[in-house]
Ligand SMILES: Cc1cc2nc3c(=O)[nH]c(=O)nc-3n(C[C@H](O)[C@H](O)[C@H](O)COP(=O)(O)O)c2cc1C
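Quick setup: one chain, the form predicted alone, written in structure tokens, and binding and motion questions come after.
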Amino acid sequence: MVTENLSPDELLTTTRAVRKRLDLDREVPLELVTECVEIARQAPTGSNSQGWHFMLIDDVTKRKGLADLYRQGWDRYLNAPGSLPDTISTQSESTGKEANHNDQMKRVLSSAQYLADNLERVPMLMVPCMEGRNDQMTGPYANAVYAATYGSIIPATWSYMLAARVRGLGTAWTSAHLIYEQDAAELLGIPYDKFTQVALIPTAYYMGENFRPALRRPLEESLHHNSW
């Protein structure tokens, strides 16, 4: 059931990470997110392998277990070099455009902390998985294999998030629980030696008005033509 009448450009430029605006008290029908998964399965997949799996979690106990693992991973991230708090502190004396970007990052941090504090209250969690494990792969072929395998699940996950958006659902890409991926696999019954978890996507109806494009750095800082 599509609830938002959006053009393709509007959908792609206004699908935001939703954290503080998730409705934590409204149940999300399993049938609705199953529609999103069905659409996600139309995404490109390397060699048409279709090695993707999508785990939907609305069980209260399992949501609580995942949230506990997520918070442990989040706390470790917060204290790691190069983390968002570390980046913000090093930019504290910036001015102009950099100051605006720094303010944006502070809002992101506040939003991400809110999600960590309330993750078990999100009515539906989705964990995308891919077949196989690449943990120990090294050498000249490793990057190609990583690109092919992750390139077969990340587009599908983004399609899930887009499908959720037009159905009035908010989502966010999160991954802090992956620090404790094996524990999460045991909790969810995922065969750890055969499948790799890629993310954790909180899914809920969103509150408030519509969304707008996010602040981004100037295009010329990231666009290259023919040479770097």
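Start at 1 and count along the sequence shown; that's the residue number. What you see is a predicted model, and the numbers here were worked out from it, not measured in a lab.
If you look for the form predicted in complex with the ligand, you will not find it shown, but the lines that follow are about it.
- The putative spot formed by V28, R63 and T203 is not touched by the ligand in the predicted complex; no residue has a non-hydrogen atom within 4.5 angstroms of it.
- Just one of A184, A40, A176, V33 comes within 4.5 Å of the ligand in the predicted complex, counting any heavy atom, and that one is A176.
- The contact with the ligand in the predicted complex, taken as any heavy atom within 4.5 Å, belongs to L115 out of M130, M126, A156, L115.
- Interface membership of W52, defined by any non-hydrogen atom within 4.5 Å of the ligand in the predicted complex, is ruled out.
- Of the heavy atoms in Y70, some are within 4.5 Å of the ligand in the predicted complex.
- The ligand is not shown here, but in the predicted complex it comes within 4.5 Å of a heavy atom of A214.
- Proximity of V108 to the ligand in the predicted complex falls within the 4.5 Å heavy atom cutoff.
- Shown without its partner, the chain has R16, A17, R19 in segment 16-38 as residues with a non-hydrogen atom within 4.5 angstroms of the ligand in the predicted complex.
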